[in-house]
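One chain comes next, on its own, written out as structure tokens in the form predicted alone.
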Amino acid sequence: MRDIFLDLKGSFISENELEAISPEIMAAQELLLHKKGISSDMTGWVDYASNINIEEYNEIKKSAKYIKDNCDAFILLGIGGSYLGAKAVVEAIRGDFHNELTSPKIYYAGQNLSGAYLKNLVEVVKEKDICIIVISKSGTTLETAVSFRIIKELMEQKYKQEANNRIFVITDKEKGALKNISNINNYKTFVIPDDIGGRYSVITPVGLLPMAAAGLDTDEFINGLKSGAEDYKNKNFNDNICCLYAAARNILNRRGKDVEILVNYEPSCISISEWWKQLFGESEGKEGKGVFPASLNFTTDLHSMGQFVQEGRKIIFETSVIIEDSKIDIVVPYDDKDFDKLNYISGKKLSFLNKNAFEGTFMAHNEGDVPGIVIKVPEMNEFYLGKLFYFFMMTCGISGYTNNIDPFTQPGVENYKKNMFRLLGKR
């Protein structure tokens, strides 16, 4: 069976450098796997797939079927880890125009404070049959709570008492505003595990319910997680791509490469980069440490940011995620007049052009002294996406422990909230 592959040949990292840092990396892996590091009580994601609650999982599938059978569209309300992972998986699997091609349609709310956005969303969905999935550990996260209040009112006006059957909640097991509201209204609820933080929660009901409601094969996603958990616990440094990727990131950072750009060549993978940025940004950005996670979408951004990557400040390294096989493709047609001079590529698939664009770009950036790492994914399906997510999460945990920081908390996030609530007059 083909597997996710890590290529460091363009990283400018020598075998001696990898060997020198390997004791640090393997010590960090040991802390993570054996739950001995800081905030080890937040590492439930490491073995979650193997210990999944089958009864709850069956309830997730049952609720997903209700959503698919009873609505034209569903709205996912959440912010940060409460929606980014699910959005990334749905878009990567269902494709760029999935709302036009597939049912149910999927919309997102609770991830901003824009009145225009929410007003327009209400206009779009008010005549549709809708369900909503609300995700919040506390139920008081401002963006999500405000959106829920507004959309709940729409639901109650539209469906009266039946609205309660169309609202699905993922929240704390026992406490919090959203849990209390759910108890009063008898909403169907699922649990956000106490030992898994938001940015790692895509593998829990937080991600699984929206995925299943979108028609994705969550069994295969979980199989991908299990495969990752098995493969990436390997204690042979040279055979474990999580350890090698964590090592490469730290070596390059210690050389002054402070920005990692995650590059994709498929528009449907843009939200994977958004999830990845939160994962590494919140996990590593502490105590004046951490690689700044950025993303670019090629070939589009080669026509805007390509110049800076090629010849700008040498603070960047590039990690390209390449999908090797595409099930959907199109061929460049032949044109008798050939005014655009493209007949030399007529008959070629666009995937072939995209592959050559990647190889040419990678070579050019290497020549411009930009280190390059390549992650090759055999194809974009639920199995490989589950394994890719686990690969990034495991790498992130190892990398954080290598830097002697806590990769499972986000104390800095609370600072803006204090100021915002004070300005809003909250008591």
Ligand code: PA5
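So that there is no doubt, residue numbering starts at 1 and follows the sequence shown. Computed from a predicted model, the values in this text were never measured in an experiment.
In what follows, reference is made to the form predicted together with this ligand, a form of this protein that is not presented.
Take this ligand as it sits in the predicted complex, overlay the site C-alphas onto this chain, and none of its atoms lands within 2.4 Å of the backbone or a C-beta, so the site here is open. Note on contacts: among Ser138, Gln310, Asn223, Asn238, the single residue with a heavy atom within 4.5 Å of this ligand in the predicted complex is Ser138. For the options Cys71, Ile79, Leu244, Ala212, the residue carrying a heavy atom within 4.5 angstroms of this ligand in the predicted complex is Ile79.
Site residues Gly10, Ser320 and Thr361 are none of them in contact with this ligand in the predicted complex, judged by any heavy atom within 4.5 Å. Partner proximity in the predicted complex, defined as non-hydrogen atoms within 4.5 angstroms of this ligand, places exactly one of 194-202, 112-120, 229-237, 261-269 at the interface: 194-202. Contact annotation for Gln278: at least one heavy atom lies within 4.5 Å of this ligand in the predicted complex. Interface residue remark: Gln410 is counted as part of the site for this ligand in the predicted complex, having a heavy atom within 4.5 Å. The closest non-hydrogen atom of Glu91 lies beyond 4.5 Å of this ligand in the predicted complex.
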